[in-house]
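This document opens with one chain alone, in structure tokens, the form predicted on its own.
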């Protein structure tokens, strides 16, 4: 019997397979210097070397390479939509995305400026464990493969993304984030974001 769940599972598997074919062993083929040259357009918003100084725009420096290519692919294909990113990604080739990702991954993430409230230094890790956040994003929220780094990310950006996942208005490749965040209350989201945004760099 074909169910909605099985159809969704097949669709997710096909999308993952397509991404794998588009970005095979990206780090072996990518040109960091070509990425650096192309990134001059990106730094107008994402900051020098991908270190954003705008609280609503994410930092890209130190992000896992595959996380960046996945995000760019989603913008290019229309799975994620943004009035600035969508048109910029529309004309990127696979090689362009690999080069940009390799460059931003190579850049050092500067120390976060956000200061976590003292009580959330205790509550944050508890919530992160309760909702299994580190199972995907890593024990220190540093990101793994196509899963983005959250440690030290811009506070307002993270807040907006989690609220969008909860409202099911943010693209989600396999539904994991939408499902996980749907159980969070808004106060819990505020605590988690305050905690994660203040995590230092390593």
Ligand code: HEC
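Everything quoted here is computed from the prediction, not taken from an experiment. Residue numbers count along the first chain shown, from 1.
One more form of this protein exists, namely the form predicted together with the named molecule; it is left out here, but the text below deals with it.
Does the named molecule come within 4.5 Å of a heavy atom in each of 31, 36 and 142 in the predicted bound form?
No, because 31, 36 and 142 lack any heavy atom that approaches the named molecule to within 4.5 Å in the predicted bound form.
Is there a heavy atom of residue 146 no more than 4.5 Å from a heavy atom of the named molecule in the predicted bound form?
Judged by the heavy-atom cut-off of 4.5 Å, residue 146 is in contact with the named molecule in the predicted bound form.
Can you check whether residue 123 is within 4.5 Å of the named molecule in the predicted bound form, heavy atom basis?
No - in the predicted bound form, heavy atoms of residue 123 and the named molecule never come within 4.5 Å of each other.
If we define contact as a non-hydrogen atom of the residue within 4.5 angstroms of the partner, is residue 53 a contact of the named molecule in the predicted bound form?
Residue-level check for residue 53: no, no contact with the named molecule.
Hey, in the predicted bound form, does residue 136 get a heavy atom within 4.5 angstroms of the named molecule?
Flag for residue 136 set to yes.
May I ask you to choose, among 110, 94, 74, 116, the residue with a heavy atom within 4.5 Å of the named molecule in the predicted bound form?
Looking at the other structure, the residue within range turns out to be 74.
Within 4.5 Å of the named molecule in the predicted bound form: residues from 155-191 (heavy atom criterion):
Contacts from 155-191: 157, 158, 161, 162, 165, 170, 171, 172, 173, 174, 176, 177, 180, 184.
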